[in-house]
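Next comes just one chain, in structure tokens: the form predicted on its own.
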């Protein structure tokens, strides 16, 4: 699609401001009622989905030009999708998340980019990761592990670590635990090691569509050459890219997050916890595993109007409202661990507040990113939990950095860390 394809949507927006709040029937307090980090932080309408519709229409109609303000308005969107969920509660025929993505694509195509993002793209193209690390060291986290290295060796399941778990020394243990757990359960698992490449999902959310398509194509070719049928990852961003963004480009591999795989092992009676983990925890739903973790549904239809007014789609159009994301598996795992008490925050599941690391915001607007993380940490602490648990290394990194800077006094764990404690 192109930005002009959203022209009708730009006029349809009823300015209801639903995009700024979680749905009213989900609100439990004023303190944690907002859903859009950027409009909450910058406190100006242009930083909401409604405002970005207006900015897009103005640019499209050549009523305004690019400027630093326009670039900031667009690039401060974390593409977390919270506005999209709330909008779909209110109405059916708007796609604010897709529109903002297209707006970002259009800015990149017009070379209205940020230096911080350009640096990430340079790292991606040269080293196949966005963390400015040598690609030769990508598989170092698995040194010493007795695990098959694809494609020279064969395995039924590929574990994809992703950029953050491959290079972040504080979080690499999650990838190690994942592989060790799979092997202990008799799973025929392998890794690509230094041949693994970025999924491209994060640069897609920054507006770099061509780079995403390039790396998606590279990954799919590597999988095909290695005979990969199933990909398992512990990264929510990679999961979203593989599950939702790759299928339109031709991918047909099965994609599972580790929490889905672990839940399956528990249900099959293959995984039993023996040790008690006395801890009160709260769970943070990553945007790309939760509301954006719904599977891709192909659609090739048309939009029509009944009597020139009521919009319908023939055939029915998939409605990604976040309700069918991956929410129960991590919670079922936590509830299965002896001693763990799970308490919920006010904004959960498809209404979860973003960690602040998405859309290139962590790299380009660090203060805003840190504020967003601090808001979630405050919500987590309000539950009385002693630990904040998630299933995404990008969320965990942002929370850890915020806690380190503020002294919030909250522990951060990946679900896999608690699983390992309980085995």
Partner chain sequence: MTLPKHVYQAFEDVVGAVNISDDPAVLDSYRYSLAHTAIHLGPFYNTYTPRGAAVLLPGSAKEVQAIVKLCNKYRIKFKASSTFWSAQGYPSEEDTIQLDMRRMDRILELDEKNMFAVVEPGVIGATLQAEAMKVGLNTHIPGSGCSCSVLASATSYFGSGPSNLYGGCYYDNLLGLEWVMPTGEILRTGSVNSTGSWFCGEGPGPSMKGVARGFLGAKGSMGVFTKCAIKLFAWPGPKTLPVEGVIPAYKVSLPETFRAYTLAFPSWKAWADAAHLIWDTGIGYLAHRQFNMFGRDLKFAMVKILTDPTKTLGDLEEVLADPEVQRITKQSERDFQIILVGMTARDIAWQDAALDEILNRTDGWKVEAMNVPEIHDWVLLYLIRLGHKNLNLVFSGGYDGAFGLLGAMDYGAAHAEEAAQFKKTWEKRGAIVDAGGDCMMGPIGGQGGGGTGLWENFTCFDPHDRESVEGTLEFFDACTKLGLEKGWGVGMEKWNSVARGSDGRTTPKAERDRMHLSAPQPSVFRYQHKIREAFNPNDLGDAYYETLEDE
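Positions refer to the first chain, counted from 1. Just so we're clear, the structure is a prediction, and the values are computed from it rather than from any experiment.
Below, we turn to the form predicted in complex with the partner chain, even though it does not appear here.
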{"query": "Touches the partner chain in the predicted bound form: residue 321 (any heavy atom, 4.5 Å)", "finding": "yes"}
{"query": "Contact flag, residue 42 vs the partner chain in the predicted bound form, heavy atom cut 4.5 Å", "finding": "yes"}
{"query": "is_contact(residue 21, the partner chain) in the predicted bound form, heavy atom dist at most 4.5 Å", "finding": "yes"}
{"query": "Contact test in the predicted bound form: residue 309 vs the partner chain, heavy atoms, 4.5 Å", "finding": "yes"}
{"query": "Proximity to the partner chain in the predicted bound form (heavy atom, within 4.5 Å), stretch among 348 to 356, 144 to 152, 173 to 181, 329 to 337", "finding": "348 to 356"}
{"query": "382, 387, 374, 27 - the one with a heavy atom within 4.5 Å of the partner chain in the predicted bound form", "finding": "27"}
{"query": "In the predicted bound form, the one of 93, 123, 112, 213 near the partner chain [non-hydrogen atom within 4.5 angstroms]", "finding": "93"}
{"query": "All of 7, 34 and 54 with a heavy atom within 4.5 Å of the partner chain in the predicted bound form", "finding": "yes"}
{"query": "Heavy atom within 4.5 Å of the partner chain in the predicted bound form - qualifying residues of 1 to 22", "finding": "7, 8, 11, 12, 13, 14, 15, 16, 17, 18, 20, 21"}
